[in-house]
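Given next, in structure tokens, is a single chain: the form predicted on its own.
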Amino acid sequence: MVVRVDLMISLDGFATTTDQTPETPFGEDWPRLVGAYAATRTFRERVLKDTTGAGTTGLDDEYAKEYFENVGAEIMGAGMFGLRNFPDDPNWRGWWGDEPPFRCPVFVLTHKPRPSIEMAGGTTFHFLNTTPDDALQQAVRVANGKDVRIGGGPTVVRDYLKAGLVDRLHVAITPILLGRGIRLWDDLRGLEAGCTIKAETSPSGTIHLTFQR
């Protein structure tokens, strides 16, 4: 079992933008940031339920497959679930549709706990007002020996990295400049110490950078 992160960032280190609206909850630049990943065959099958075989293959698709493999539990922040946009709506069930792609228990870190939500396809959202370490311990217990993925957003990922709780960090660097948003690398000087580092570049121009403790 490993604790792992898979995150997409821009060349200047931003993993989110600041121009989110209810109509574009992840911001107008989000399609540019995740374009290569969203074009893969694996993403189309797993997230869009497209079984036609459409989508790109190759290195980006290999990393997309790894993203979904052997995950027993997920941890995410309230923003990634969508609570910051709908904090007082008891019927809000997140951005991820009726059948989210996670297919495992998902622990949402929030200051406003609410009842768990069981979704189609095996995903159950649990809402916790607790520390990152305690949330991780709860996730490990239900993962049944599989990996625990810290899904995001970048603030939550950075908290786990600063605490030394991540075993493997995969960052897909998209060749675009965002200029604003939330940066992944802030306050993480020396993160590479004690890690084996691998870098691969796909035909899309995405640089896949992996830090393995």
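This one's a predicted model, so the numbers in the text were calculated from it and none came from an experiment. So that there is no doubt, residue numbering starts at 1 and follows the sequence shown.
Heads up, the form predicted in complex with another copy of the chain isn't pictured, but that's what we're talking about next.
Residues of just one listed stretch (60-68, 141-149, 176-184, 37-45) have heavy atoms within 4.5 Å of another copy of the chain in the predicted bound form: 176-184. Remark: residue 165 does not count among the residues lining another copy of the chain in the predicted bound form, judged by a heavy atom distance of 4.5 Å or less. In the predicted bound form, residue 205 approaches another copy of the chain with a heavy atom inside 4.5 Å. In the predicted bound form, at least one heavy atom of residue 209 sits within 4.5 Å of another copy of the chain. In the predicted bound form, another copy of the chain sits beyond 4.5 Å of every heavy atom of residue 170. Within 4.5 Å of another copy of the chain in the predicted bound form, a heavy atom is found for not a single one of 2, 5 and 134. Contacts of stretch 186-200 with another copy of the chain in the predicted bound form, defined by any heavy atom lying within 4.5 Å, are made by 186, 188, 189, 190, 191, 192, 197, 199, 200, listed in sequence order.
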